[in-house]
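Quick setup: one chain, the form predicted alone, written in structure tokens, and binding and motion questions come after.
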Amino acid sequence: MPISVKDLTYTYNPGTPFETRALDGISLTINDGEFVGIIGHTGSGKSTFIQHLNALIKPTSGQVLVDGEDINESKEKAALRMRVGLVFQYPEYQLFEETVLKDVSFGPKNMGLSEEEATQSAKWALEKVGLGERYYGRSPFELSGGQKRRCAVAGVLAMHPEVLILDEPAAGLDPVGRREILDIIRAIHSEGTTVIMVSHSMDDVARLCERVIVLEKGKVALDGSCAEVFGQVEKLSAMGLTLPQAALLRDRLNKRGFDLPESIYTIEALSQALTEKLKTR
């Protein structure tokens, strides 16, 4: 289910002294099965952009086509939105039900599923995020920070979206919670779900994503593979963005004569390249 964005523009507070153009003529397509990272400096338009992808915000002008249909004009708008699941930054603040199982069942019930169907879908989603049966009857407010985040992701997964969008999914988590949530997202993608992830962590994007879109002042500044985007050192620096740690170390080593390729941007690739280099020394 591709998502095509055509000349998307959005203006906050139009016609007032506070008028701000958050998105400015964005055109791109996200294809089935991609894992796309969206990066950019604070205020570049990342969160505004992803909220357009399931019609939480209506464009000032332009279109968002989901599987060929304009999501804002379609008679099946509600059904299209459910095919594009959005997990907000700090989604655990949206937990509200008495138990974990009830909370995750809420979305499927709103889709019109029966109580039994919604419960089965919720149990399936909770298993996916590693919250098994012993968590069903617990209050979501008694969970750890990482568990709350996984519960919130399960609430979206329970609706079986074809596209999963996440806004800073690992923000505020400790290293263990961060690793757990990112491993879950990687597994979801490996099963065929299209994933779009907004992140300030260049390392997370480099490790997980196949394609990177860089937003700057509401426009697409760069769009390509990780190697292509993270190879644009000067452009990224001019936008106030840093490279992944592996790429920074690569550049430092190159200044000492290692001559490592600029396509290296992950620890795994750097380790392999260094091993090969050292064998020849």
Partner chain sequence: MLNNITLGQYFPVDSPVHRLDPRTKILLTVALMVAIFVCKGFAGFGAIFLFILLCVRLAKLKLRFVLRGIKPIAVIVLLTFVLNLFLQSGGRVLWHWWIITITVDGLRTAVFMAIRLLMLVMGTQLLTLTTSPIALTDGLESLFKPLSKIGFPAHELAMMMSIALRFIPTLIDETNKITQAQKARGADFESGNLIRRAKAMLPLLVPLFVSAFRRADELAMAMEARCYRGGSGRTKMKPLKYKKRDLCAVGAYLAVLGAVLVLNIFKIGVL
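Model, not experiment: these values are computed from the prediction. Residue numbers count along the first chain shown, from 1.
Keep in mind the form predicted in complex with the partner chain is missing from the figure; the text below concerns it.
Between 131-139, 199-207, 118-126, 102-110, the stretch whose residues reach within 4.5 angstroms of the partner chain in the predicted complex through a non-hydrogen atom is 102-110. With the partner omitted here, the residue from A227, L243, L253, I57 that has a non-hydrogen atom within 4.5 angstroms of the partner chain in the predicted complex is I57. The listed set L86, L173, L143, L182 contains one residue whose heavy atoms approach the partner chain in the predicted complex to within 4.5 Å, identified as L86. In the predicted complex, the partner chain sits within 4.5 Å of a heavy atom belonging to M82. At a distance threshold of 4.5 angstroms between non-hydrogen atoms, G257 is out of contact with the partner chain in the predicted complex.
Taking the partner from the other structure, the partner chain in the predicted complex has no heavy atom within 4.5 Å of any heavy atom of S190. Heavy atoms of S114 never reach within 4.5 Å of the partner chain in the predicted complex, leaving it off the interface.
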